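Take a look at this single chain, the form predicted alone, given in structure tokens.
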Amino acid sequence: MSSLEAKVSEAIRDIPDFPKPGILFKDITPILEDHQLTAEVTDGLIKPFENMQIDAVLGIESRGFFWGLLMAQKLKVPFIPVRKEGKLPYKTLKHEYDLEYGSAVIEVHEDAIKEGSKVLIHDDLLATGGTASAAASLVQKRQAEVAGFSFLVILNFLKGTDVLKPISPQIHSIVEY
């Protein structure tokens, strides 16, 4: 276990039965209370992608915004927010998908993803892969390429990486459970 992985694992707080009974929620917000750890996490998330051409970082609402924006700033590329339906003010592209506990629709501004660009998708946690796969569909609808996926946490037992590997083999995280 790397030093960063140990620090992040120690900082993550487990919340039982949230958002519904039987789910053990991994709360990453304690990391945000430590500005030094937040900076280390940002660097750790970027490291696997440093030698790749990344044209934009797409962050998934809402916890994907925390580090997605920081990563985009460090990489000196645009940040693209993907939000739940009805939250973006301009014309949007939509994608409907199934979640572990329901279904959802996500959107991106139709002009945010440039055709032919290489987009890094970031979210805080990978579970079954539904949300990240849906975000990848939005990227592909714009004839852009998914350069890779970045997560703070991957829950391996839910096999989300199996869903994402056909889209991009570049799937990285700081912590895995």
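Throughout, we count residues from 1 along the sequence that is shown. The shown structure was predicted, so the numbers you read here are calculated from the model rather than taken from an experiment.
What comes next is about the form predicted together with adenosine monophosphate, which does not appear here.
Although the partner is absent from the chain shown here, none of 54, 170 and 173 has a heavy atom within 4.5 Å of adenosine monophosphate in the predicted bound form. Scanning 38, 29, 140, 128 against adenosine monophosphate in the predicted bound form with a 4.5 Å heavy atom cut-off leaves one residue, 128. Heavy atoms within 4.5 Å of adenosine monophosphate in the predicted bound form are found in exactly one of 140-148, 30-38, 118-126, 46-54, that being 118-126.
Adenosine monophosphate is not shown here, and in the predicted bound form it never comes within 4.5 Å of any heavy atom of residue 154. For the stretch 21-57, the set of residues having any non-hydrogen atom within 4.5 angstroms of adenosine monophosphate in the predicted bound form comprises 23, 24, 25, 26, in sequence order.
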